[in-house]
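One chain follows as structure tokens, the form predicted on its own.
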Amino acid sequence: MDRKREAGIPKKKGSSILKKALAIDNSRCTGCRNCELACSVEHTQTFNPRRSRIQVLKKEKRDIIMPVVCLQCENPLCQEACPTGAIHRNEEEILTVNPNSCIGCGNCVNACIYGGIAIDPITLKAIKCDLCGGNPACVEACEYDAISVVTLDGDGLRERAQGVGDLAKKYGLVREEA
């Protein structure tokens, strides 16, 4: 399967739109951080990983490399926590932040249990992955095909769950039963 999937947001039959998100194959990620730089350049025209919408957490002594990005949650806690309504789904069903409405309070950052949203250190506004309008710069920059765009249907959700399961297994994390 081609890991660098086609750009664009295809529509389901009828009028609804398939939701998309980034999926990361942690077994392929080397921690090179090219994704962070590509994202930073795409969104801010600067090489500043702190302004990236994807973050690579590393603890090299323990061999931990964990890319973190917005999962485009079905019921986003960040959106619920935003007091100004700055976080919304756009016409492609991608969660985005309206910088004109964001007051930088950080409620969204505190609400996101996955670490998928941050405050830009320059603008002091919330930033999160917006899939670059359908052609994510991080996917193109990843030389190891560790990042792909998945459709949040059955296959995409299984692929994302597999990735989370692999990480939990690798790092000895235990899942709580509901």
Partner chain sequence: MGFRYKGYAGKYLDVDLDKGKVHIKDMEEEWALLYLGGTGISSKILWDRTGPETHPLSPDNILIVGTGPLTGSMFSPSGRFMFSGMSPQTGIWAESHSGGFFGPEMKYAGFDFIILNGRSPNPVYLYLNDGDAELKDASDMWGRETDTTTDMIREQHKDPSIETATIGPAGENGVLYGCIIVDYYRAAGRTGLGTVMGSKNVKAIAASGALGLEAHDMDAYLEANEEELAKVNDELWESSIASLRKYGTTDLVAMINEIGRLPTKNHWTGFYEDADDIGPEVIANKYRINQEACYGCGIGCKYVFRVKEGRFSRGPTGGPEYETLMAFGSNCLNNDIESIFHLGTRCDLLGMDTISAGKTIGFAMELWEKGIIDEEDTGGLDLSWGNVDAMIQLVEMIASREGFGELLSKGTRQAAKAIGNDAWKYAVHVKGLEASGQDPRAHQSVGLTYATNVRGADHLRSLSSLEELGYPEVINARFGKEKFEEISKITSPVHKGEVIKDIEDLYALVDSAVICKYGTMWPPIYYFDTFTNVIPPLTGMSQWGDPEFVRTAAERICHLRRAYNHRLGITREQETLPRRLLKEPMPTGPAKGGLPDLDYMLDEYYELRGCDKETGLPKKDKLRELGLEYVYHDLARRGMMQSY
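Please read all numbers here as calculations on a predicted model, not as lab measurements. Numbering follows the first chain given and starts at 1.
Here the subject shifts to the form predicted together with its partner chain, a form of this protein not shown in this document.
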With a 4.5 Å heavy atom cut-off, would you call Ile122 a contact of its partner chain in the predicted complex? yes
Is there any non-hydrogen atom of Gly133 lying within 4.5 Å of its partner chain in the predicted complex? no
Its partner chain contact at Arg33 in the predicted complex, heavy atom, 4.5 Å: yes
Thr151 versus its partner chain, in the predicted complex: is there a non-hydrogen atom within 4.5 Å? no
Pick from 124-132, 108-116, 143-151, 66-74: which stretch has non-hydrogen atoms within 4.5 Å of its partner chain in the predicted complex? 143-151
Within 4.5 Å of its partner chain in the predicted complex, counting any non-hydrogen atom, which residues from 82-110 show up? none
